[in-house]
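Subsequent text provides structure tokens for two forms of one protein chain, presented individually as structure 1 and structure 2.
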Structure 1
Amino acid sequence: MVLRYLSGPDIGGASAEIIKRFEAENPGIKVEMVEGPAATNIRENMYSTSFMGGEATYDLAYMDVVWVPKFAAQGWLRPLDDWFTPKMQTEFLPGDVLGSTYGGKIYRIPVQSDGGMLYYRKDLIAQAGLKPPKDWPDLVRIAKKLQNPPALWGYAFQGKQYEGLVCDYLELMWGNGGRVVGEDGKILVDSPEAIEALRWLVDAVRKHGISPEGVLTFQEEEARHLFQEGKAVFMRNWPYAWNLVNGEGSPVKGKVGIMPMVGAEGRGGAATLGGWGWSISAYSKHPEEAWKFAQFATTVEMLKISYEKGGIIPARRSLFKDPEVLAKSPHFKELYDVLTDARPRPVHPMYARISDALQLHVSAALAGQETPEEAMKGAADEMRAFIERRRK
């Protein structure tokens, strides 16, 4: 029999190695990886098209964390509660487990973890006799003290109108006690806490001048290049940037520290959760075999292969204490603190629409076209309207 799944390009060959080992141990099962495009939204559409037709094209789905509520709400995924037990779940990072859950059931076993974090120039901060920031006001104060635009800016982030901007904003909003959606389903994004968090981000560009105007065009790589070229004191980005900013030839190699994103005074920061994992199609004719592969691919040994060959951040807690992993990536000690506090984006079947509304209005506020109050009220009104239409 053959199990199929769709994935992005197998950079480093980790997936091929895992499949090879699984097939060697399970001679009656073949696994076919359909290598799709790198763009995750296109792969999401490919899965959706197949599942909407009730087809068993894919037995497994290699899932982005933000797909889970949409796919689960549509009935496209098989609940894993009978297999992925609470005891097994404790072996994985808590945010990744939470992001795999919808409606009280678990639909995904985590593979790769990811979370937004704050990079900082530890050399510049130490030379000035300062310490890393403890909250957002502290970050602004340090950035203004150390920066010298345009040669050195205070803070680089993802300011373009896309999903990355939402991730940046959510971290500040959570760090200020705000929420997008309450437990009762009410939209809360126009709360004072949410508005104030947006004002922080807008002020970073328009009032304090710690971020360049060009940040409105920045995605992850533009922010990384500015920081890696030694032109920013702080940067919000994902774990992937660590190896690059510390690579051979990098002007800031060995001069960088990482920490969880900061929040309001007296509050802890928060990280937006990213990451991938295995789900099983509700239409698969081989669900037990599919689970067998998903469980195999998420063992300590296989996730170690994924880390070594593909550079992925493992979702298993134990690998952050593994001597071989720490020898290659000593920053995993700090990264663990970031990821253990990571939070999934709003777990809602209409998250894509929620994100679109946030992208539009947060971007308008950054561009000075709307005030933070107008932006969050506009986003909240749109969200309430389309959620109400869905209920009808």
Structure 2
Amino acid sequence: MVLRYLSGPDIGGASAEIIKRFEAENPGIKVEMVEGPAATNIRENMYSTSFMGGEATYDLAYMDVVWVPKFAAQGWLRPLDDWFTPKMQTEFLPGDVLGSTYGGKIYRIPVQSDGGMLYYRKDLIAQAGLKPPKDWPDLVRIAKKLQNPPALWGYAFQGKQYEGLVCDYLELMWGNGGRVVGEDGKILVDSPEAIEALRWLVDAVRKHGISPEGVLTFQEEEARHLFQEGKAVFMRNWPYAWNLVNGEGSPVKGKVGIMPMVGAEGRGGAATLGGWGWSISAYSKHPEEAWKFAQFATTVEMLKISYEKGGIIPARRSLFKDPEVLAKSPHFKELYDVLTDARPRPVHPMYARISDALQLHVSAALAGQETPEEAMKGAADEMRAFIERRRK
């Protein structure tokens, strides 16, 4: 029998290796990874279409943390409580477990923990007698001083109209004291804090010129390539990039520093909580085999392979104390703190709609088609319309 799932490109070949080992230990079970596009929101649509039709195409879903509330609320996932017991859950980072839970049930076993970080060229900064930035104005100052476009840009980030842009933007919004939704359910994305955060990002491209216009087509990998080729001083990205930019043959190997994302002047920065894990489709005809694979792929040994080959940060606590991992990754201690403080995107069954509104308008502002005020008012109006309509 064959277990099938959809995921993004297998960076570094970690998934292929895990599948190979699983199949060797489990004769009779084959695992087929269907490689989809890199953007998480597009894969979410692909899974949604399949599940909406009640299809058994995918036995497992390799799930972004933000899909959990919607997929669980729709009844597309099998609750894992009988298999993934509370005791087993304590072996994983609490944010990843919480993000796998909906309505009191657990729907996902975490693989990867994720939180936005700031990468910088420690060699260039030290040569200029400077220090890593402490806030946004500092980052702009250093970037302007060191850059020499188009050979060397100041700041690379994820500027394409997709989920990654929302993650980047929310870090800035939180780093300026803003919020998407208040305690009372009120939409707050048109607050002055939220508008100012967008203005900072727009200015990075359009006023300060520290980010290339091409950043409007960047997802994670495009930003990493620019940075890895030595063409950017700073990069906002997820921790997966660390192993890759420091890999054999990387022009910036050993020249890279990593730190928590900076915030507005006088404020602390914030990280968006990301992360991935295994869920089992409610329509799968092979749930037991699927669980066997999910369990295998999240053992200490397999998570080490995922980290070494693909840079995937393990969601298991013990790996943050693993001498083998620590020897190669001195930043893991600080990373642990960033991950445990990372902030979730709004946990809502309609998160995809919230994100679409942000993707559209933040992107329009970056392209110069809307002012930051118009953009955030537009996003807020759309969110109010569908969230209020739903309440009636």
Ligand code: GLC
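On a predicted model such as this, the values are computed, not experimentally measured, just so you know. Numbers given to residues start at 1 and step along the sequence of structure 1. In this text, the rigid core denotes the largest set of C-alpha atoms whose superposition between the two forms falls within 1.5 Å.
Exercise for review: Name the structure that matches the description of the form predicted in complex with alpha-D-glucopyranose (GLC).
Suggested key: It is the second structure (the form predicted in complex with alpha-D-glucopyranose (GLC)) rather than the first.
Q. Assigning each C-alpha to the rigid part whose superposition suits it better, are G378 and P260 members of one part between structure 1 and structure 2?
A. Note: G378 and P260 co-assigned to one rigid part.
*Fill in the domain rotation here: degrees turned by the smaller rigid part against the larger between structure 1 and structure 2.*
Treating the chain as two rigid parts, the smaller one turns 31 degrees between structure 1 and structure 2.
Self-check item: Once the two forms are fitted on their core, CA shift of L6 between structure 1 and structure 2 in Å
Solution: Looking at the C-alpha of L6 between structure 1 and structure 2, the offset is 9.4 Å.
Determine, in Å, the CA shift of G95 between structure 1 and structure 2 after the rigid core is used for superposition.
On core superposition, this C-alpha lies 3.9 Å from its counterpart.
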